[in-house]
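To begin, one chain is listed below as structure tokens, in the form predicted on its own.
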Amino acid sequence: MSASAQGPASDARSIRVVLPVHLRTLAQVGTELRVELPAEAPVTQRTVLDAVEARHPVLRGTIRDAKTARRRPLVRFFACEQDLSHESPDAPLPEAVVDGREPYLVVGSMAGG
């Protein structure tokens, strides 16, 4: 049985991620998914999104540009009621995300008139 089926290995962190409905459908995941990062790895938007894309390659290019890794224009990132969309992708995520109390949210924004 793999570590993900048993839960995170003791030397890994399990990060909760919530995707918008259309990306959940594309990745064929439920409301919330978990990605594991090595305990010694920094928990940043970049490392979490890299782990999401590694686990669900179909999502590459949907959240971030596939070449530049920059956030897509109509995608926003939130955690702990904070908009992290304009934060550095290498800034540490809030401790509540790191310890699994709060999810990291990928939100599709709306535009139009």
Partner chain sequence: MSRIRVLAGTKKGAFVIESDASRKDWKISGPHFAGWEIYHMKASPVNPDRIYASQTSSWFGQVVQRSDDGGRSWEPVGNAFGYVGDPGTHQHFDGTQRPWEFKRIWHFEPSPTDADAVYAGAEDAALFHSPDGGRTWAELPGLRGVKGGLWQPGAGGMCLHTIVLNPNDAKRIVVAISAAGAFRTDDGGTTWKPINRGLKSQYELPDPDAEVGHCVHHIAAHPSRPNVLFMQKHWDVMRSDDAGDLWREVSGDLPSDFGFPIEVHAHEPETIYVVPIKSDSEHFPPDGRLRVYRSRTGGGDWEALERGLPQSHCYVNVLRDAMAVDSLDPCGVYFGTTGGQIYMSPDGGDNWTAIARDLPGVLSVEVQTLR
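Fair warning: this is a prediction, and the values are worked out from it, not measured in the lab. Residue numbers count along the first chain shown, from 1.
Separately, the form predicted together with its partner chain exists; it is not shown, and the next lines address it.
Can you pick the one in V58, A39, A69, A54 that has a heavy atom within 4.5 Å of its partner chain in the predicted complex? The residue in contact is V58.
In the predicted complex, does C80 have a heavy atom within 4.5 Å of its partner chain? The answer is no: C80 has no heavy atom within 4.5 Å of its partner chain.
Using a 4.5 Å heavy atom cut-off, state whether T62 contacts its partner chain in the predicted complex. Flag for T62 set to yes.
Can you tell me whether L23 touches its partner chain? I mean in the predicted complex, with a 4.5 angstroms heavy atom cut-off. Contact with its partner chain, yes.
Can you say which of 83-91, 70-78, 46-54, 30-38 gets within 4.5 Å of its partner chain in the predicted complex, counting heavy atoms only? Of the options given, it is 70-78.
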